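Okay, so here's just one chain, in structure tokens, the form predicted on its own.
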Amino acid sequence: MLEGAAASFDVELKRIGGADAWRILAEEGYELKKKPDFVLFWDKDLRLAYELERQGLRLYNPAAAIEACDDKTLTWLLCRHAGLPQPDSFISPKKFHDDGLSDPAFLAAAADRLGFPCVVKEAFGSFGQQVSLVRDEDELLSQIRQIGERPYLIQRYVASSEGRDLRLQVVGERVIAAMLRENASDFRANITNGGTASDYTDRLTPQQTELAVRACRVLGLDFAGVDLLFGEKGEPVLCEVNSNAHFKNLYDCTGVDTAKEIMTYIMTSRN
């Protein structure tokens, strides 16, 4: 879809995998002889992204924005300091050696403040696969032991949004489409977990649109998929921001071509 959208602007997108990119860089002494006009960076290899930027290339999205989204603890911190509404959270302490357990006082404080059930979310992951709902101290302890040394958040559970959320696609500080995702058998609304989607674009509130755009602005994104929860009074609550969100389901649901919107934005911003 992206290649087709680029072709409509007489632009050739050359698909290069991460291994090939690093091979080319190494063979050329880490100074590219022939540089592309821009890079549509559809990956999360931060070392590669930062190296390409060092050579003066414009990445869509920028390396720092991808880093901010890929690490959910960093996303939460940056958006918190910008005053964006998010679930109350505890970020895991760094563990250099996995003893199977975080500081007991840390877990006790998290449980006391957040209550049960609460959500344990690994810092790195996709499609909701690293997100769990824990219902008591034993489940919390078991989940943390399974995570081991990997970073994570413990978050307050937004019960008013159980099994449903919104995915808003933002391109160039503009929401181009949105879908409501619902799952009657899972607290996670992800379509990959069995959820269904319906077009929500025309039902968006100004508050929902504003929050999605602000989140992208805070994180320095050119485009992103922004996930919002429904607060107790229906107010939008920021859940996650995805720097290179899959958009085939959004297209099937809304008919909006995100690839075309991204390429239009890139070509316009370059002029």
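The model shown is predicted, which means the values in this text are computed figures rather than measured ones. All residue numbers are counted from 1 along the displayed sequence.
What follows is about the form predicted in complex with a small molecule, which we do not show.
Residues with any non-hydrogen atom within 4.5 angstroms of the small molecule in the predicted bound form fall in just one of 172-180, 73-81, 138-146, 114-122: 114-122. The contact residue chosen from L229, A224, A215, I66 relative to the small molecule in the predicted bound form is L229, the criterion being a non-hydrogen atom within 4.5 angstroms. When the small molecule is considered in the predicted bound form, only one residue from A197, I91, V134, V158 comes within 4.5 Å through any heavy atom, namely V158. Contact check for G128: a non-hydrogen atom falls within 4.5 Å of the small molecule in the predicted bound form. Put simply, F187 is close to the small molecule in the predicted bound form: some heavy atom of it is within 4.5 Å. Within 4.5 Å of some heavy atom of the small molecule in the predicted bound form lies at least one heavy atom of C239.
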